[in-house]
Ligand code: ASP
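As structure tokens, one chain now follows by itself in the form predicted alone.
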């Protein structure tokens, strides 16, 4: 018999069906055994009646067994209807049960919120943690958010292009995770902190509207809303101004989250300068909701603009605040080109904040070699260092790169806002622990001597 999803059983009243899934709850009443069966579409109560041929098997089945069940869908008597519960008006009369795979006793209870379970235990058994209702919901919200963003961008003539995971290490920004090269002993690839340079090169390539669901990897100190790995909706547009990009992103976010059933506090999204944000909120990410709006899950988006381009280093020089590929605001371009008033230069950076999180960040980019050269010169780079760092970008910009800009929207941060979660690990399938260990698998761990020899590496175990 063909499998029927549990969520569709309501339309099968009076008919024989076959379902497959997990035993969510087992209740032995002596003469009768009740079960709640679960699959990806929901729950249904099943009952094994006295004298049923399924009774012998039912006595041995426990929670989380994987089973195939055949039976008849019966309408419940009016007095037994359970309003508000999925399939509350039907019951599956079980005729036979086949155990597809038994389950050992569970290491922790997944019937409720698993947030209070020890983090290391949840990580070790993450595949079980993900069975819980909350984690199932979070993963489905994440999937829907990404799907709707992707569909929106396709509708606006964006093209999806993947960029490399093995790339060049750059000293700027966060620490890189590096990968040794077997073919080039002593040399290393880096995992991308973002697709920043590649997406700008795609603008040079003439695609005009690019996006991807990009993985970004950064060796940063871990905290509640930041991990070694994250995903982002990454997009770039040619022939645009700062206003164009912000309007496009605002329309996408409004379209996506309202279609998912969420309410936005204020439209258009308010705009606030970095200076005013720091004076009013003490931070460049803030929560504008009232306590009542927080309770209702309202989304309070805002744009933060007019960031300083540069900030002082501990050594007294200058470094960038966001990235060196940004354009200054038009009225400060001359200062940059002349190397004047460096600390006063504002950039075309725009951050999207929501409910206390930085949800996205982008800028209009430098698209001429002279502008990028001026930014690096302001930070004290010599001509040789500049060529070593971004020579390939300067070369590309000499071949008709159009003006362009874009943004990266953190998927985890946005899903945290949608679900009300406060930890990034609650919206990732297999997150790192706070100690930097992988879930389920045992990494990081040492390489074998054979692997080290192949890569031409020696490890100082001190």
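Here the structure is a predicted model, which is why all the values come from computation and not from measurement. Residue numbers count along the first chain shown, from 1.
The next section is about a form of this same protein that is not shown, the form predicted in complex with this ligand.
When this ligand is considered in the predicted complex, only one residue from 393, 408, 57, 47 comes within 4.5 Å through any heavy atom, namely 408.
362 is the sole member of 328, 362, 71, 192 with a non-hydrogen atom lying within 4.5 angstroms of this ligand in the predicted complex. At the 4.5 Å threshold, heavy atoms of residue 347 stay clear of this ligand in the predicted complex, well away from it. Remark: residue 323 counts among the residues lining this ligand in the predicted complex, judged by a heavy atom distance of 4.5 Å or less. This ligand is not shown here, and in the predicted complex it never comes within 4.5 Å of any heavy atom of residue 212.
Under a 4.5 angstroms non-hydrogen atom cutoff, this ligand in the predicted complex has residue 232 among its neighbouring residues.
The stretch from 195-203, 124-132, 291-299, 336-344 that comes within 4.5 Å of this ligand in the predicted complex, counting heavy atoms only, is 195-203.
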